[in-house]
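Heads up, the chain below is alone and in the form predicted on its own; it's given as structure tokens.
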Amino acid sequence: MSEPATPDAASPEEGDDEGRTDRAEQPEQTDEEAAAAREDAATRAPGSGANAVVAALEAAGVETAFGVQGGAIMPVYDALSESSVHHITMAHEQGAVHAADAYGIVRGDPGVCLATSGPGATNLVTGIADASMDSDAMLALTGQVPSDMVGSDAFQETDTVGVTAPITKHNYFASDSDEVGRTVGEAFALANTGRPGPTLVDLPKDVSFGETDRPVGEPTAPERAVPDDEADEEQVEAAARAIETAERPLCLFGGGVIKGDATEQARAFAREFGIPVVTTMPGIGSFPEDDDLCLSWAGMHGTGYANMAITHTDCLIAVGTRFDDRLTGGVDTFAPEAEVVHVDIDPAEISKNVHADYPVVGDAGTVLDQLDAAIGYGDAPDTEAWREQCAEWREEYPMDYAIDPDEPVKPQFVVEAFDAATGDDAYVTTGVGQHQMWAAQYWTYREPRTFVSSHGLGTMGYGLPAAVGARVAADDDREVISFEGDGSFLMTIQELSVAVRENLDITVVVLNNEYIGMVRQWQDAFFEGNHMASQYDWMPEFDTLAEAFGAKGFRIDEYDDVEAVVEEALAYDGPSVVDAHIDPEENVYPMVASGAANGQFALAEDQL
């Protein structure tokens, strides 16, 4: 008899609690109780491989996992039913992996997702690749056909280890019931050791069913994977001398500052020496954007003043960034006047894309403390004139836009309206496209881990499942807003059923221009306006569709609608969807053409 195929994950009938996790009913543990529970999980005899997998999660302190049930992963799910780990059934495996990714970003610990073999595992691939590109800590557990059937093209068999090897920090094929628990524990610990990233454990069904009494132990990463936090003193001293003698120093804070929990040190360093700050997109929130030192984020659609600062700095202090091409533009013209101090935990990133004059390998927070101590009192750079220049650029290239009440609504106005109506610590998730850029440009971010997006891979459809993960991870008194485009939202809209089932208080704002807008913008600029396959005038009415899912739907057609809709959508206790019909011709500016110099940004299409 065939294994059951990956099931549909439709919402349960009214009154049916299957698949639901009511977080409000979960008793909170004290720190002592949590530690005792982890120790119990680490030391008890599990009984089976599947129980060992679950015990390893419990020993690691995992509270929540996201997944979709299926044949080869069924033994693990059976064990999970008796676990303290709360499982949230998603509508699609891609939704599960994005939710786990966002959960981990918000919590600062690896998110966990599960899927069955074959199509279940391959449906995780996009999300695993996304986490890999963004250095997000995550653990994926996949079912696999029995060991003696591997390689036989059995039903729902895929070489999951082979498929995911290029996109994981490390992956494992579990071959022994006695070892599987320790393997899962190691994979979890490794995901968040050094430079974070996704790991995966493939679980053949016979290994899950197999008997074992071996305790899983405390989750531990391999010793060889644990980097030194402190940088070499000679590297630090050389970098410190370069900073001291700089006339136009600039801090560039990347995603590694946030992932390394180094925002406190980063803020203290910049403020102590009066050094202006630019962030990358993954680094948004590492430094408060309403601070006078902050020039917001740089790159293709970064602010003009951030890109001007990078163009004219003579000492770029880059911390936790891999110098992605969307940041640098043409590498040969990036920061052309600067000596580059590059701080990173991963030595492979040093001089990979941009030459580092002063390489400093170590933990972001630790190295910033070392640099702070190494810069002599009274030897700090004099940055007053440089700060004044940066302020002039801010005045010269403001992030403003024109409003005509008789014209279609500008998306920037909608973003700013939601920002004004929410707390400073609200979480914002996005899909990928123009709406992502507007959400990054026109929302003021003050705290780390509050901008949750797909950066390196650029995964459309990320926003809604990420909002589910962020909402589950977040404190209940902090708002979760998801900005989506119409094309992006449609890709994972099924996860709205999960938000309804779980009664998650999220607000999805669809900036609906009836295009995949970034493609349309590039077609206008570089393909003579040929809108081949980019016009989406066949979209459903998302507010009506939201109601069909059981969510609350709202619609914005004109400026007079905005204030009331924002207030009502945020006040609604549960998932709501705002279908905001915006100006279909609005473009994202500033824009640095692909491969161009950062200082040559365009403010209109005719400047490209």
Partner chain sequence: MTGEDEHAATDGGTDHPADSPIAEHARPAGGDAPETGLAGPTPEERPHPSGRRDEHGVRKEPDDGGEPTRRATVSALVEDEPGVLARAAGLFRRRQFNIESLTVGPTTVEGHSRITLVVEETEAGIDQAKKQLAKLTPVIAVGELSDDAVAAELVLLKVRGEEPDKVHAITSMYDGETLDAGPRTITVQITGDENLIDDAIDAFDQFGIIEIARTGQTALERGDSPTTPGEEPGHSAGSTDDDEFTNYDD
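Numbering follows the first chain given and starts at 1. Keep in mind it's a predicted model, so treat the numbers as computed, not measured.
This next part talks about the form predicted in complex with the partner chain, which is not shown.
- By the 4.5 Å heavy atom rule, the three marked residues F418, F451 and V578 all fail to count as contacting the partner chain in the predicted complex.
- Judged by heavy atoms within 4.5 Å of the partner chain in the predicted complex, the contact stretch among the candidates 118-126, 273-281, 394-402, 176-184 is 394-402.
- When the partner chain is considered in the predicted complex, E528 lies well away from it, no heavy atom lying within 4.5 Å.
- Contact annotation: D477 falls outside 4.5 Å of the partner chain in the predicted complex, judged by heavy atom distances.
- Though the partner is left out of this view, P336 does reach within 4.5 Å of the partner chain in the predicted complex, counting heavy atoms only.
- Among heavy atoms of M532, none comes within 4.5 Å of the partner chain in the predicted complex.
- With the partner omitted from this view, the residue of F413, Y536, F209, F155 that lies near the partner chain in the predicted complex is F413 [heavy atom within 4.5 Å].
- The listed set Q494, T89, T321, N171 contains one residue whose heavy atoms approach the partner chain in the predicted complex to within 4.5 Å, identified as N171.
- With contact defined as any non-hydrogen atom lying within 4.5 angstroms of the partner chain in the predicted complex, the contacting residues in 181-203 are L190, R195, given in sequence order.
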